[in-house]
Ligand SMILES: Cc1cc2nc3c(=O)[nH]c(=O)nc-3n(C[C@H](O)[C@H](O)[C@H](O)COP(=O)(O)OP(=O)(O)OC[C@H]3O[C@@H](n4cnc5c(N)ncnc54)[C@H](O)[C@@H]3O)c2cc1C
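Next up is one chain by itself, shown in structure tokens, the form predicted on its own.
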């Protein structure tokens, strides 16, 4: 018999980066939530993800933790270059220069010049997650329940009932919630419980990820330091990631088609990728299958999915965890608006309409990057210490740098994926700009991310946006009284931001309505006659 606890408002299953981001953002909007996590409070995170995207860093800036995150991981002067080599320790084929975090704002490097206050940051989830945990523990409205396993859930029209187990004692408890959000990863119990399948391409390759510690590997390195090294050879391909610039590494070993996970020797794999025999300690291993899978639905009833629970694809361009973080932000303001009484529950239906197409688009982009990177055939003489070998290395390296460059300059994946077909975005006649992995055209077309601006005094537009809706007005003399009164009648929080832009592109409309997730909900040159209906629509209230 399980003990019955009081009903909670929102229960989040999973205290990884996605679940913690959702909890922190809900708390900032005054909404209480309970976070269930199977691991212990002091359990180290696995270094699965090793890039925090610019878009995620913008979100963390709003949380007040971007500077702290930027100082985690690699030393301040450690280059974040991407290298291609035949082995981790020798035969460099090519290099994409990316500066250290202390020089990130220098304007130099392969991915320099992005229109944001927060460029991407190369840091492992190993170091990111503790910052998010500490932030979540420090703010009101969040209850973190570690060592709590979700066993089952069921729902009706009014609530969700969860059965959980205390990992330490084995005792079971029953918990009730208004909404449940599954942020519990690729093997999501939440997704399984609501019966939502994954769709897409399965079994695209097999990888063994080995988290290791060695104080002797750096002594054997012959190449200049780099954050990530892609290893291409005919024997053992893989990737090495420097986690702390000293003794912690993550090695992804590609497993041959005729070898099972159990039959693959991780020690031989690491030595094959590095090209040397050395002393190291394996701290953790993880077997995973490369996939391109997206949940058929992002929610059912009062239960919703975010992060790897909703999508699972190859971690190219660093957009597994980061897509999940934007899932969380897209979902959190909706839940808060409903909780705080100024939006309809129908607003939640648009979460899937906005984020699932993004999951499909980004997953296909990641698969394209993976296919584009792999050389069709590895020359037998690639590692030979001969003139032929040197020529082959130069040729293969140049091709890799050219083909794989977009993966490490994914400005379009960060800023250029619009929301289309959403009932709570008021579209106009203009189409959003063309999408490209490394292509971004700032635009105020509804559904796009609001374009970044730096004002003459050095301040940032993003730092001046309100926490909920913001109406950007170019001409202060334009009367918007009817607009603000319509928002007041709905109870929708609205701040007005007057910015003297003149005819500056891309702000080619007098008014731009920005949502809490920094997406554009509407734009126009005057207050529309049916502004009340407009306000209701962006809040999910339909006649």
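Small disclaimer: the values here were computed from a predicted structure and weren't measured. Positions refer to the first chain, counted from 1.
The form predicted in complex with the named molecule is left out here; the points below concern that form.
Checking 294-302, 331-339, 378-386, 181-189 against the named molecule in the predicted complex, the stretch whose residues place heavy atoms within 4.5 Å of it is 181-189. Looking at residue 319, you'd find a heavy atom of it within 4.5 angstroms of the named molecule in the predicted complex. Using a 4.5 angstroms threshold between heavy atoms, residue 444 stays clear of the named molecule in the predicted complex. Contact between residue 161 and the named molecule in the predicted complex is not found at the 4.5 Å heavy atom cutoff. Residue contact with the named molecule in the predicted complex: residue 155 places no heavy atom within 4.5 Å of it. Site annotation in the predicted complex: the residue of 238, 315, 73, 120 reaching within 4.5 Å of the named molecule with a heavy atom is 315. Residue-level contacts in the predicted complex: of 209, 89, 116, 350, one residue has a heavy atom within 4.5 Å of the named molecule, and it is 209. If you take 302-316 and check each residue for a heavy atom within 4.5 Å of the named molecule in the predicted complex, you get 306, 307, 308, 315, in sequence order.
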